[in-house]
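Shown here is one chain on its own, the form predicted alone, set out as structure tokens.
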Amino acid sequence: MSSYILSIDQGTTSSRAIIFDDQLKIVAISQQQIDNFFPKPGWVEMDANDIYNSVLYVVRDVLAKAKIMPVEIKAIGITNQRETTIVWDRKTGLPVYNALVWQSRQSNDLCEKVIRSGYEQYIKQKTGLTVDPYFSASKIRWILDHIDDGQVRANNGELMFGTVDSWLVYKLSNQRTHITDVSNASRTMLMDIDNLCWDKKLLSIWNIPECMLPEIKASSEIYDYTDALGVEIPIASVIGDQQSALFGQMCFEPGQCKNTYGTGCFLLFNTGEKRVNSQNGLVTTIGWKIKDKVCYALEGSIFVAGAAIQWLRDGLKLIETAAESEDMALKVPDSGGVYVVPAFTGLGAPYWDQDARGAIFGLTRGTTRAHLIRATLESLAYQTFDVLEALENDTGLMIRGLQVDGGACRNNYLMQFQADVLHTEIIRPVNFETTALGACMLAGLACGAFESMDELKKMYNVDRRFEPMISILHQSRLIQGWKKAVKATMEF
């Protein structure tokens, strides 16, 4: 009998299920969109029950598409949008508030209060993170402050917190198991990333009782079993989506890095078993833990990437599909001096300006729809340049190549422009689904489907390499214009 791994990839705008065979080839994919809610400017929320129901739907649908039996699924791996925060009632298992999405900024004031209290350096030292509403701690605090008797209920052990991975494992295990893995825990701003445990002083700073929190586990092990498909199947991996993509890109060695072009844009650099502290606006995070071995990473988080293309489509109605953006960009020889800074929910790494808002510079009477579309695409590449520049300053290393994945890396124009702006090689794999692939590989290692990471590396295949095609002088001029636009945005 054949055996397969089922990977659940729960994201900001959709849930997906992908079945992989033992050669890491995709057998079938199912996807379902999920609504985001925007109650106020800068707020982004989701219905946690919608998240779980969409996962159930795609899991059942992908099996039907693959025409395989549940008994043929050897294990399930889960990868998820990370900092998104869910609080639910321990007795009923029902959410007490909408999920606060990682992009949501409603806890700005709470973060500023913690910074004014002088805790910023301690938090950076313990967690590797910058104090920002992006991470989960202030979101938990905000929810407790905005539900009836939130603090009392939390102190009494009546409430449970989890990022999306915890919520899914809890639901899939019939409410038996409340866990997270080190990669997701490292994004909460509550974990000591050196000792891999919840930090009591951090909990005190945010006034969050430890009884709310899940148990921290490795990224590759059998946590429990689910009968959601009618048979007992082990849940064998949990990992945050960006770390999963790093693993799925086979970036197992220190010095390797990848960039994922999703709703946001996330560049991760493997630093091995050594924690590296950034002096240039990046965050230190945990890549994964397998058995007793921990991998650390440096990360640059860009809040708006693919979301900017969605804005062109859904907000401005300039394109009908995301794929159309490439054709439109190629209708003009350049952006006509237009720069788009898509700071719709603030600026992430390396600037960390939560008050910044989107801006467009360089408009003239000659500016057309194509120029604006092209400039928006180029903003993804410029933001990646900023992160990579910070990374090189932190490590003293010159990056010789960047491995890419995510939906927007299908855009050949964007990938070529990225190579030009970085002046380095861009490597795109055959399998774009590296986020789901990472969870599959980790689950396979846990259940014995794969023997080692060396075995996995042999299955990596390159689709295309993009080489820089402009001069250093041209690159420098483009970057100079971008830096001026960002500066003006932050000073507005």
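In this text, all values refer to a predicted model and were calculated from it rather than measured experimentally. Take the two forms, find the largest set of C-alpha atoms that superpose within 1.5 Å, and that set is the rigid core. Numbering starts at 1 and follows the sequence shown.
Beyond what is shown, the protein has a form predicted together with a small molecule; the following relates to that form.
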Here the chain is shown alone; which of 346, 306, 214, 350 has a heavy atom within 4.5 Å of the small molecule in the predicted complex?
306
Name the residue from 269, 167, 261, 288 that puts a heavy atom within 4.5 Å of the small molecule in the predicted complex.
261
Each of 310, 323 and 411 having a non-hydrogen atom within 4.5 Å of the small molecule in the predicted complex: is that the case here?
yes
Is there any non-hydrogen atom of residue 342 lying within 4.5 Å of the small molecule in the predicted complex?
no
Check whether residue 150 has any heavy atom within 4.5 Å of a heavy atom of the small molecule in the predicted complex, and answer yes or no.
no
Even though the small molecule is not shown here, does residue 407 get within 4.5 Å of it in the predicted complex, heavy atoms only?
yes
Is residue 422 one of the residues lying within 4.5 Å of the small molecule in the predicted complex, judged by heavy atom distances?
no
Which is the contacting stretch out of 67-75, 117-125, 183-191, 323-331, given heavy atoms within 4.5 Å of the small molecule in the predicted complex?
323-331
Large Cα shift (2 Å or above) at residue 319 between the shown form and the other one, core-fitted
yes
Cα of residue 264 displaced 2 Å or more between the shown form and the other one, core superposed?
yes
Note yes or no: does the Cα of residue 225 move by 2 Å or more between the shown form and the other one after the core is superposed?
no
